[in-house]
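Just one chain is shown here, as structure tokens, and it is the form predicted alone.
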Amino acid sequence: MKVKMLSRNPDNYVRETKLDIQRVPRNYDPTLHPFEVPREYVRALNATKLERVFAKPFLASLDGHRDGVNCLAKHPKSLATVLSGACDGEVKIWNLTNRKCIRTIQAHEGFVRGICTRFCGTSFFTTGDDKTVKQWKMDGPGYGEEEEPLHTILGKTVYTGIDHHWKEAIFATCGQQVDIWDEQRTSPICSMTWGFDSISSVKFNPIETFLLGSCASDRNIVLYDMRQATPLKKVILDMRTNTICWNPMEAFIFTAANEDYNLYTFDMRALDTPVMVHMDHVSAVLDVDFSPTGKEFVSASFDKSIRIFPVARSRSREVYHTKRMQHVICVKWTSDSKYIMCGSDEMNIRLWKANASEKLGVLTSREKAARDYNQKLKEKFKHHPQIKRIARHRHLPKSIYSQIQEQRIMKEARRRKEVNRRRHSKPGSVPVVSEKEKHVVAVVK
């Protein structure tokens, strides 16, 4: 005779302590759960709505400058230390944890044009309108000592930008030409020029550290090789590029911030067409900086907003603005990839979250699990029209909104004109030019 017994293991349903959650036995057979997808869709919809509810990206405003903030620099070793240079020649060092200024230096007469830190973090370099490059100690002077620079180099022309090598005691300045300097010498090791216009910014490649990129006011982006002490090649665009930024994860990729409201991501091996054209700003883009992951970058614009773009997408995923923020001159993404800093005309440095709805502070394991689950749900249903609409919607200031509408009408008019011209011309005489190819005039090697 068979005797059937129910056998249950108490480990499967008994709590170890009273603080534990009750264990629930689950059967994952899909036939028992016919409404699983609709239930997940509702959860994804709620997660998307809550993400927009909790999207409060603004964290702090660092005020203390007496003129517009012209440049920012990150400390290579300390996440909490930031340097800023203003239009009155003043340089401030900030502690982001305390949100306080810890040191102020009257570094130059006139604008501070550029600021960069040494790769080891012991000193930093500034350049200004007074034709000087100065090296300063990162630590303040001792008790009773004067605030003096370690070295001062007096140049023949105004230097408009500076950047330090990522591994060696070498830095580059730009003005009439690109100069490469050794820290121990008062004259440049080599000077490189191509064309006659002034160069607005110079940047070292963080991976292939002997490569430099610069952009000049004659619409050129020029790439240099420090080993040959010669320019490699240049790309000429429709309008002037204000600055460039190299991707910290991909050696050949850089993004250029342009006067024509767009950003262009180029692969330096094929400069004839950009990899991606990033369009969303409604005024000149003044600065750009990559996230340490290399997957996103942040741009600062004259239209009083900053935007975060994924590298592979032409439209921004996020736009930040405040009523008080004026033209944003400079922007930096912190080295832990969590925060963004921007310096603007009205003398403030603002600190933002890179992910607007991210909860700050320590998360419990249940909060982490809920966050990851919601993230997966949003990814699963992201193409559903309702969820897509809520996730994409951003409130914009009236000025930006009206300019976007105006530009949309202008773009449509240009497209209509081109279609009409092609329709009334001999077949093949008016070629179709893609958006990527429109803006590149020429590549010179």
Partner chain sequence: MCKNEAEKMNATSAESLLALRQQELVDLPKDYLLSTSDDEGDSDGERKHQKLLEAISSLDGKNRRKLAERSEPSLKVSEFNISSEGTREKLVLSDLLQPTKTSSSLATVKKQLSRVKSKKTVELPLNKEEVARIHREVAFSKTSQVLSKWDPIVLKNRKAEQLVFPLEKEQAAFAPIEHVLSGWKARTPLEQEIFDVLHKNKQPVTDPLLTPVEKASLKAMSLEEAKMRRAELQRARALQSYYEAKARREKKIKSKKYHKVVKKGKAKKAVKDFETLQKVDPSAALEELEKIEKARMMERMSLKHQNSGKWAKSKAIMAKYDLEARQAIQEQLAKNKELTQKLQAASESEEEEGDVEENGLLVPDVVHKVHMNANELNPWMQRSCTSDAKEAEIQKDPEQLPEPVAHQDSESEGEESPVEEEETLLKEFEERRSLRKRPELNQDAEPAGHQEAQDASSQEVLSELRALSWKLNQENHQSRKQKGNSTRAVLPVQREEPAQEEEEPLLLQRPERVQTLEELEELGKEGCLQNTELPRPVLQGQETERNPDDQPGAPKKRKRKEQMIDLQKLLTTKSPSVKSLAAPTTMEMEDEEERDQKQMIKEAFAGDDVIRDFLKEKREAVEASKPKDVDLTLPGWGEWGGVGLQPSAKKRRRFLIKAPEGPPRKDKNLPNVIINEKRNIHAAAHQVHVLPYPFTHHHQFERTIQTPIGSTWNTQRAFQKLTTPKVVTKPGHIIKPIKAEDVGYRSSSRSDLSMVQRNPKQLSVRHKKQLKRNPVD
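Numbering follows the first chain given and starts at 1. Since we're looking at a predicted model, the values are computed, not measured. Rigid core here is just the name for the largest C-alpha set that superposes within 1.5 Å across the two forms.
Just so it is clear, the following notes concern the form predicted together with its partner chain, a form of the same protein that is not shown.
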Completion exercise
In contact with its partner chain in the predicted complex (heavy atoms, 4.5 Å), from 189-197, 123-131, 97-105, 141-149, is stretch 189-197
Practice task
Could you tell me if all three of 33, 233 and 373 have a heavy atom no more than 4.5 Å from its partner chain in the predicted complex?
Solution key: yes
Problem - 4.5 Å heavy atom contact, residue 208 to its partner chain in the predicted complex - result: yes
Exercise for the section: Tell me, yes or no, whether residue 28 is in contact with its partner chain in the predicted complex, where a contact means a heavy atom of each within 4.5 Å. Expected result: yes
Practice task
Give a yes or no for residue 292: in the predicted complex, does one of its heavy atoms lie within 4.5 Å of a heavy atom belonging to its partner chain?
Solution key: yes
Practice task
Would you check, heavy atoms only and a 4.5 Å threshold, whether residue 40 touches its partner chain in the predicted complex?
Solution key: yes
Exercise for the section: Please pick, from 304, 332, 219, 165, the one residue with any non-hydrogen atom lying within 4.5 angstroms of its partner chain in the predicted complex. Expected result: 165
Exercise for the section: Just give me the single entry in 153, 93, 86, 253 that has a non-hydrogen atom within 4.5 angstroms of its partner chain in the predicted complex. Expected result: 253
Handout entry: Within 257-274, the residues that have a heavy atom no more than 4.5 Å from its partner chain in the predicted complex
Key = 268, 269
Problem - Rigid core superposed: residue 8 CA moves 2 Å or more between the shown form and the other one - result: yes
